[in-house]
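Read the single chain below, which is given as structure tokens and is the form predicted alone.
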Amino acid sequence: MSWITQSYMGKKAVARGKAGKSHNLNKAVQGDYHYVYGPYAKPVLTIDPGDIIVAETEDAFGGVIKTVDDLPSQKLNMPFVNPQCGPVAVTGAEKGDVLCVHIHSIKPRGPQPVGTSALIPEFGGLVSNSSTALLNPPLPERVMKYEVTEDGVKFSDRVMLPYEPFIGTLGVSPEIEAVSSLQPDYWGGNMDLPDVAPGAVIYFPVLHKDAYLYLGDCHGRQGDGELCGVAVEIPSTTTVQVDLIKNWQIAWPRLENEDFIMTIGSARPLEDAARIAYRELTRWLASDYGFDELEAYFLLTQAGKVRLGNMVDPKYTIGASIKKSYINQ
């Protein structure tokens, strides 16, 4: 028996995690990709709870950096980066519900070398940027290209890394704002959290009628923090299953996989992102697992884990988690 049957999606969602119709969101269906999350674009698809989406995503650069000689400052048209598929309207979704996104698979798409990483002027975790303004000159631009298959990521002739794909940017429309796809917040967005990976279910607060799901910015892998600001960016064929939990109000994204539950916070400074994530996890343990709030606070002090998503975007992202084995005894 799959653990999904015992997940929140399996127990509470409209389709109970059962697969419905499959939709092909290829480039022809998508048309123009989007660079903001918001309620003002026309949906490219309308689906029912339980339906599956097979999406062709572009890499974060929109595919314009093709060789190591293609410098970002010459090829990118800022702020038109991080293209997103969607929005996808979900029938029956209303404010106060929760959208469930079960990630089935993420496969590299296109000719090799399909992976790209880069040093971009005044962008990254160890350089000055617009929010951390310093007189230091920017690092020199540099591009790396990688062969990426499901067998691994060829970093160099010396280093082979495991293929550990995830969706870097995933979320729903805010209620009224139209916000850059580079920004993470309570609607999800550019969280760059490696746990948003095949096998996981991510839960988002529905803020707008029909939810308006967006997704893109898939990665072949990434270390904690996305230190230079750019992971192994890949175009992908990504398959997700979407479901809907009615009348379950959450304030920030949540994640569940077979082993743990996680809450996700995004803010600056970094410690505020951690506080948001841990506060939401404390409240989740109190509301659904039979702990009083202070007991949950004690438990997370002794058994909580944090995952650093990114420390480079306009806001930073932290996931706070606890093993299911500790709370389901």
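Quantities reported herein were computed from a predicted structural model and do not represent experimental measurements. Numbers for residues come from their place in the sequence shown, where the first is 1.
There is another form of the same protein, the form predicted together with another copy of the chain; it is not shown, and what comes next is about it.
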**Message:** Check A89 for me: does it contact another copy of the chain in the model of the complex (non-hydrogen atoms, 4.5 angstroms)?
**Reply:** no
**Message:** Within 4.5 Å, heavy atoms only: does T282 come near another copy of the chain in the model of the complex?
**Reply:** yes
**Message:** I'd like to know if D224 sits close to another copy of the chain in the model of the complex, meaning any non-hydrogen atom pair within 4.5 angstroms.
**Reply:** yes
**Prompt:** Do G304 and another copy of the chain come within 4.5 Å of each other in the model of the complex, heavy atoms counted?
**Reply:** yes
**Fill in**
Given 46-54, 64-72, 23-31, 272-280, the stretch touching another copy of the chain in the model of the complex at heavy atoms within 4.5 Å is 272-280
**Asked** With another copy of the chain left out of view, which of L161, L76, A200, I250 would have a heavy atom within 4.5 Å of it in the model of the complex?
**Response** L161
**Asked** Which residues from 291-309 come close to another copy of the chain in the model of the complex, meaning a heavy atom within 4.5 Å?
**Response** F291, D292, E293, L294, E295, Y297, F298, L299, L300, T301, Q302, A303, G304, K305, V306, R307, L308
